[in-house]
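What follows is one chain in structure tokens, specifically the form predicted on its own.
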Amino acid sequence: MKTNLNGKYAIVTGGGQGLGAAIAKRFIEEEAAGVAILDYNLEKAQNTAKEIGGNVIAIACDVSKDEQVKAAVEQVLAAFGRIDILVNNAGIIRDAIFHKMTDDQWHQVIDVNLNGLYYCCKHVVPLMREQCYGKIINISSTSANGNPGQCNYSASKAAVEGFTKTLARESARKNITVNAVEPAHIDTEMQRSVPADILERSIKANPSQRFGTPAELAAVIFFLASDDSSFVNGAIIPVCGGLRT
């Protein structure tokens, strides 16, 4: 029998475009009962929801603001009645060599990439514990292992991985799995914002000699959101074309 997400309701943050949109699309293709796209850009989220079709709702939410996350989760509950899957995908980059990095560049990245994940889990995990079921998938990056010009981003993603492993241990007895994927060089708008010469070097450094696609990464996230991954917990899964082995 084919595994799908029949009867499951999901939240995907940063779902207005790129990877988030690909995840939401895959979830609907896998017969998820409903997907809520949270994005700071409501228009993009609405357009993506319309393109995907099915029971997809768009909610304006800046995940770095606790009160906005709380309100968004309440909207999802009002629409769906429960939350089975949380994908913490929202993220930004503000790259600079450390001695030129500003306080704003540091705080913006930490606020979205790390605090945003915390706020989402803060408001969703108690619901999952109550229903004794949940799938949480966090988006990390191979930059968690260090990358020049990304002290802020690397710090945020390394913290995401430590958070993932700890929450997985704390939540396992409540039938909640918490895992992360560690992508590299996925062809998204954020990736394409990197200077062209750096992108070219990145492709040459990757054993696969290409970018990955959002659909390829979404396939791994679907596995972690499905019941096929019921004994996978606290894992950090590289999706990087062999860059990190």
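Quick caveat, the model's predicted, so the values are computed rather than measured. When you see a residue number, it is the position in the sequence shown, counting from 1.
Unshown form predicted together with a small molecule; subsequent notes refer to it.
Every member of the trio Gly16, Cys61 and Lys157 reaches the small molecule in the predicted bound form with some non-hydrogen atom inside 4.5 Å. Just one of Val112, Val124, Ala72, Ile85 comes within 4.5 Å of the small molecule in the predicted bound form, counting any heavy atom, and that one is Val112. You can rule out all but one of 37-45, 172-180, 24-32, 50-58: in the predicted bound form, only 37-45 has residues with a heavy atom within 4.5 Å of the small molecule. The closest heavy atom approach of Tyr119 to the small molecule in the predicted bound form falls outside 4.5 Å. Although the partner is absent here, Gly91 is a contact residue: one of its heavy atoms lies within 4.5 angstroms of the small molecule in the predicted bound form.
The small molecule is not shown here, but in the predicted bound form it comes within 4.5 Å of a heavy atom of Ile139. Not displayed here, the small molecule is kept clear of Asn206 by more than 4.5 Å at the level of heavy atoms in the predicted bound form.
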